[in-house]
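Next up is one chain by itself, shown in structure tokens, the form predicted alone.
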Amino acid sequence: MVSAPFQVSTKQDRGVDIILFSGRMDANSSPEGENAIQSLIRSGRTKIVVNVSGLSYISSSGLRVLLAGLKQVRQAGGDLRLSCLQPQVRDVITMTGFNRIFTIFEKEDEAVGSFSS
């Protein structure tokens, strides 16, 4: 079975930046995800939702990217929230305890709306 290559896309909704990750986020592809998060933070964007609905796999490298992004955006006075975790990704997030570090939403729209409440 050949899995889909890692892809990153971005969009905005109600002043919140949404990054969509899909495919496999591993040591080879993590830098692309890191660049997406870093470029938003560098441009002063501090309300970020990472939608991982298309992510089929996340390695420790991918987790490191999410954690580093969270720390940096919080230092800038914002937050990074996760949405749409698939079961296999949710399992990794839970096993590593990241579910206690990140604010996680079932739906992207809920994550976006949480910034205005």
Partner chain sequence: MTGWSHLTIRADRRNLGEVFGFLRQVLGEAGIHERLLPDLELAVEEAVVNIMAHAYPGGEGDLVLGVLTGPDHVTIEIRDRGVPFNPLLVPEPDTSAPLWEREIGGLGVHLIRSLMDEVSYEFRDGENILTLRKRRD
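Quantities reported herein were computed from a predicted structural model and do not represent experimental measurements. Numbering follows the first chain given and starts at 1.
In what follows, reference is made to the form predicted in complex with its partner chain, a form of this protein that is not presented.
The contact with its partner chain in the predicted complex, taken as any heavy atom within 4.5 Å, belongs to Thr96 out of Thr96, Gln12, Thr103, Ser9. Using a 4.5 angstroms heavy atom cutoff to its partner chain in the predicted complex, all of Tyr57, Leu63 and Gln88 count as contacting. Looking at Leu70, you'd find a heavy atom of it within 4.5 angstroms of its partner chain in the predicted complex. Within 4.5 Å of any heavy atom of its partner chain in the predicted complex lies no heavy atom of Ser53. Interface membership of Ser39, defined by any non-hydrogen atom within 4.5 Å of its partner chain in the predicted complex, is ruled out.
Although the partner is absent here, Asn35 sits far enough away that none of its heavy atoms falls within 4.5 Å of its partner chain in the predicted complex.
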